[in-house]
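So this first bit is one chain, no partners, the form predicted on its own, shown in structure tokens.
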């Protein structure tokens, strides 16, 4: 399948300081990809290059087969900034209607777009009365105009409550199912861990890791944690059988390397008549992100 977004060996410097160094990535139709990185890692620069706002110093980039910033690419790309700003005197419906007219589209679809982002009931209220989360939804409705093939989202759930965040990701799921490629930048690691297909980690302007969460777990080779609760009277037997285990607040904690997980579980299964409960806790995305950032010397 041809990728909607393809970037190869992209470089960009400002005043001799490299913001991006040999960055390569691809986002396929229907794929939800999270772009992670600390402040100053190069995420904003990368997004500006994709949107055609700044030109790279080197490398290649293609959006639906076109150069970024070209009329063909601009027609296929939508962008949602972290802090979307709109005219406070306009209603949500008036604002989306205006954007649709600017795109030479029939504005009769404005209400349907607002309904998709949960603003149908507030469509005729002035945006100046909206909360930050509601303004963010107006921004998302604006980003959906014209059925874009690539959505570039910068901290898109900023200001949204937990229910609105869930609804937002369900909307993204639907867009991806319809074939839209989605690239979103986020610091909310718990969210993207569960709701994206692949992860990209930028650090110091370089792509230090990319892949699915299982891929990154294997590459990072971080230890797996196991928490065991003993049946009354058997804690000593379990500690003797699992020399690496330690007792913390009444729970036995044990860690093992990724390639020792099955062997360790086999040892634990031999003690099932003495164990009340077992939790296996793989490395979280936060653990993995910290690992690759530290490896890069950040």
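By rigid core we mean the largest C-alpha set that fits within 1.5 Å across both forms. Residue numbers count along the first chain shown, from 1. Since the structure is predicted, the reported quantities are computational estimates derived from the model, not experimental observations.
Quick note: we don't show the form predicted together with a small molecule, though the next part is all about it.
Q: Find the only residue in 155, 167, 219, 197 having a heavy atom within 4.5 Å of the small molecule in the predicted bound form.
A: Answer to the contact question: 155.
(Q) Can you pick out, from 187, 116, 149, 125, the residue that has a heavy atom within 4.5 Å of the small molecule in the predicted bound form? (A) Result of the distance check: 187.
Q: Using a 4.5 Å heavy atom cut-off, indicate which stretch of 236-244, 61-69, 260-268, 43-51 touches the small molecule in the predicted bound form.
A: The contacting stretch here is 43-51.
**Q.** Interface membership of residue 19, the small molecule in the predicted bound form, 4.5 Å heavy atom rule
**A.** Contact with the small molecule, yes.
Q. Is residue 193 close enough to touch the small molecule in the predicted bound form, meaning at least one heavy atom pair within 4.5 Å?
A. It does not: once the small molecule is placed as it appears in the predicted bound form, residue 193 has no heavy atom within 4.5 Å of it.
(Q) Test of understanding: in the predicted bound form, would residue 39 fall inside 4.5 Å of the small molecule by heavy atoms? (A) Close contact exists here: in the predicted bound form, residue 39 approaches the small molecule to within 4.5 Å, heavy atoms only.
Q | residue 94, heavy atom within 4.5 angstroms of the small molecule in the predicted bound form | A | Close contact is absent here: in the predicted bound form, residue 94 is far from the small molecule, nothing within 4.5 Å, heavy atoms only.
Q. So with the core overlaid, does the Cα of residue 54 end up 2 Å or more away between this form and the one not shown?
A. Residue 54: C-alpha displaced by 2 Å or more between this form and the one not shown.
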